[in-house]
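Okay, here we've got a single chain as structure tokens, the form predicted alone, with questions on binding and movement later.
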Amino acid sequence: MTGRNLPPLSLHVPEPRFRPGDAVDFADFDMPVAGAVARPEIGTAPAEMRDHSYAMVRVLDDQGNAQGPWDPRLAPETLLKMLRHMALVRAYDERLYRAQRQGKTSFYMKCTGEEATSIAATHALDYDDMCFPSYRQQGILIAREWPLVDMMNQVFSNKGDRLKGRQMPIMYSARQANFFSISGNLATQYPQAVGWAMASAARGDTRISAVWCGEGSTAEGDFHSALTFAAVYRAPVILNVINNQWAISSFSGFAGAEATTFAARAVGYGIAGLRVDGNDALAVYAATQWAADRARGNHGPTLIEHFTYRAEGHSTSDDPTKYRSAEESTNWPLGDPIARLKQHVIALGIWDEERHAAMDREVAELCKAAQRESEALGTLHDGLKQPFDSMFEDVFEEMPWHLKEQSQQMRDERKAAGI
């Protein structure tokens, strides 16, 4: 009967602050001051920068001015190129979202509100650095100026789809752009990215890798296995965690956000960790540049938590109004990444509202023309566009006997069915 006078145990179940119908108030959000976080030397030992996993790197203040030691001081042409790429990926998303609603593809995922976490980060990397994306990093391909028509062909699984319809829509692959094939299985790209970085180091190469996942995926075993290898072998890799507050309908508390930051995962593994304002393109660029320089200098990996917000549903299969307040996205205290970068370049005197409106029209027309070209090669409306036999190809260099047997059986059955 030991413990008979102890209070009963209770199980804590995380609960988001706001549910459907709730009024949203972020008045108690502790807004970090832009420019307040120190920028460590590239070779700083992880133990000496623990506080960076709990603070937040911000460069742009509320007036759109760049502040503090993390200001990357980018050239005007770089700033405007990043702004255009962010506007282009948003226009691309809008176009493909509508195409899905029209039945032209089965599935789509937007990155609205998160554009800076891929666009600005990619601009801070070298083109030959290898990127291992999750499924909301189409901005990497946009920033590397990959053809929009090729991306749309993959979404439509049409005759022009280089992947022959074998991947779900939006799971792109572009080896020439150093863009690893997207997988729907969570966090599998993490050990792949670390292994690629280890191989690059073992060869004495100069290329590094960068990998992205959502905060919910940090609960996966692959995430932690990857961090173990990255820490032990000091792999030249940047480990990006996109904390957009929601993993489908599960809020970030279920992955541990109530207890600590996601950047704090770095502390336990003894690697460098940074927490940045993911809606601040300059902060994302600066943090990625710092981590890239650190990796190239053989100082080991860096985990970067990008604190942002998923402004739209998880995918076209999701209805966020069923599990969160509709006011959350409009009241998000860190604002919109495109609007904030636009405010900055206008404040610098290198941009204005008229040119911005013209750019929005231009990228919308660009996406419209690309869609027209891609749809000429087929959409979901048109049925199967790849030869049926192709499902057995491209796995083995020479097709083994059992696949030849299955392929013949398939052809016989289709012939008997009159197909």
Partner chain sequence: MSDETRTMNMIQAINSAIDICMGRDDEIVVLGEDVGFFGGVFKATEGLQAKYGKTRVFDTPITECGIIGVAVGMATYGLRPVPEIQFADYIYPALDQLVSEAARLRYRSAGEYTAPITVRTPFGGGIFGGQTHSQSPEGIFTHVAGLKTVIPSNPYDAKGLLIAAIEDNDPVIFFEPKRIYNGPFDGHYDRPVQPWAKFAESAVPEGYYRVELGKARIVRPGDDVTILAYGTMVHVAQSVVADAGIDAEIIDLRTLVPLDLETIVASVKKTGRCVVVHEATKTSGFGAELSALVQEHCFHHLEAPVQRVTGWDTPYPHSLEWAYFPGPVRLGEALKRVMQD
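As the structure is a computational prediction, the values presented were derived from the model and not from experiment. Positions refer to the first chain, counted from 1.
There is another form of the same protein, the form predicted in complex with the partner chain; it is not shown, and what comes next is about it.
Candidate site formed by Gly195, Thr228 and Trp401: every one of these residues places a non-hydrogen atom within 4.5 angstroms of the partner chain in the predicted bound form. Shown alone, this chain has one stretch from 69-77, 316-324, 96-104, 179-187 that lies within 4.5 Å of the partner chain in the predicted bound form by heavy atoms: 179-187. Comment: the partner chain is not present in this chain, but in the predicted bound form one of Lys164, Arg144, Lys81, Arg234 has a heavy atom within 4.5 Å of it, namely Lys164. In summary, among the residues Ser134, Asn158, Asn244, Ser200, the only one with a non-hydrogen atom within 4.5 Å of the partner chain in the predicted bound form is Ser200. The closest heavy atom approach of Ala23 to the partner chain in the predicted bound form falls outside 4.5 Å. At a distance threshold of 4.5 angstroms between non-hydrogen atoms, Glu258 is out of contact with the partner chain in the predicted bound form. Heavy atoms of Asp394 reach within 4.5 Å of the partner chain in the predicted bound form, making it an interface residue. Under a 4.5 angstroms non-hydrogen atom cutoff, the partner chain in the predicted bound form has Pro191 among its neighbouring residues.
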